[in-house]
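Before any questions on binding or motion, here is one chain by itself as structure tokens, the form predicted alone.
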């Protein structure tokens, strides 16, 4: 598709839709918006705008659509598959100034927020009301970015991904039209579910300008356990038994021995360097949490656990889980001469031990550095590869392994991406995963965005 390059007239028009100080063609600003946290090469936009309200967004998109100027939405730049990069140039619309919490309705467990709100900051504010927004992708992600990617994280096994926690959306379409979809009711059977269509569409169908979020009551008590196993298979069996038992863990994470070795070196936790589950529970009382933990201990023992460490209370939970939350940071700090690829697939729970065993075998056979960890409770596997920056052999092998793992996940009835999104990195697998339904996805894209200006170069090859 042919896109227009910005000329002086376009620049003057776009400046008028915001304000001169909220529009930039400066090289430093464009560079800051040319790279996310993925390994993909920098892609410079031609200009960056910071809208303050929905009306400004509508005017920007209407003009861009008429002139065939590509538009890419930007939140925190924390994506891992090149999702917010300007593949075709054009403009970046940065939503960091649309960061207001518009309303919190405690009695309805709801909040209305703009897309630039950072979910961690939202939860700090909600804590005083005994509420929280459950999805937890880890990075300092914005709500808009989380909706675009259908982000999830460690707590998905209990609370669901972002999609399960959205009630209403305001969306600006490519032509500048504003639509509102969803209701404030806790459920609905009315009409097509446009919320689920928009959530996870990576800004290719429309741009979210307001969201009504489903909130949860902040748990009264927390507990956690760190459990070592002789093999991935035995850990996988424990995952199955914990879920089948109805214990309802808030987090159920599996780290391989390489991750545990790294944690030991950096924290002094002195864990057994074996496949290890990190388990978290939320509950109404210490007695309830204590009973759940004892049943968990028994289930893990029946799956041949080697070591079981547990703690009750927020402080003990934080102590045990802090190393899990810092793992990504540790990997980067311990490989300063490397670039990184964060691979992400998901499979049915029954296929979970098989995909992890396959990934470990591929890494060992390839002779590259990679850390295997996962949201075990929902079968979401992560592989974080560390390849030397200028070593082509490293990256050839890493890419080959990543491709085989993704294809294996799809063959097992899984998906190319559990939570990072398609972006640039997973486009090549869409036909393999979706078959003929990909044709209908393209038709939906053409209906919503006939001129293809919204985040072009993503999802589809």
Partner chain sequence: MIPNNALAELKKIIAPGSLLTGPADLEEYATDSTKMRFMPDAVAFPSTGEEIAQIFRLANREYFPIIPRGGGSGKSGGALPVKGGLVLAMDRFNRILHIDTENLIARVEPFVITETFQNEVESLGLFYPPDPASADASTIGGNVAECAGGLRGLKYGVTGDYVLGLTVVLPTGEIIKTGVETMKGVAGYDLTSLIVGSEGTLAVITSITLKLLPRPEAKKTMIVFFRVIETAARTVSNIIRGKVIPATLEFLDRMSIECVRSHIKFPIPDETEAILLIEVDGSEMVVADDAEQVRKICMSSGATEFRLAASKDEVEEIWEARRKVSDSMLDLKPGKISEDVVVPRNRIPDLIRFLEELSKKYCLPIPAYGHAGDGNLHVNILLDNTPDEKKRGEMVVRELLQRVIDLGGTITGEHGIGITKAMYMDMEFSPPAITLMKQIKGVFDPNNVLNPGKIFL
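Just so we're clear, the structure is a prediction, and the values are computed from it rather than from any experiment. Residue numbers count along the first chain shown, from 1. Think of the rigid core as the biggest set of C-alphas that the two forms share within 1.5 Å after superposition.
A second form of this protein, the form predicted together with the partner chain, is not displayed here; the remarks below concern that form.
Taken together, the three residues 191, 240 and 380 all lie with some non-hydrogen atom within 4.5 angstroms of the partner chain in the predicted bound form. Checked against the partner chain in the predicted bound form, the candidates 179, 101, 330, 269 yield a single residue with a heavy atom inside 4.5 Å, and that residue is 179.
The partner is absent here; in the predicted bound form, the one residue of 362, 136, 112, 202 having a heavy atom within 4.5 Å of the partner chain is 202. In the predicted bound form, none of the heavy atoms of residue 313 sits within 4.5 Å of a heavy atom of the partner chain. When contacts are judged by a 4.5 Å heavy atom cut-off, residue 430 counts as touching the partner chain in the predicted bound form. When contacts are judged by a 4.5 Å heavy atom cut-off, residue 406 does not count as touching the partner chain in the predicted bound form. At a distance threshold of 4.5 angstroms between non-hydrogen atoms, residue 285 is in contact with the partner chain in the predicted bound form.
Contact with the partner chain in the predicted bound form, judged as any non-hydrogen atom within 4.5 angstroms, is confined among 58 to 66, 419 to 427, 23 to 31, 389 to 397 to 419 to 427. Annotation for residue 237: C-alpha shift of 2 angstroms or more between this form and the one not shown, rigid core superposed.
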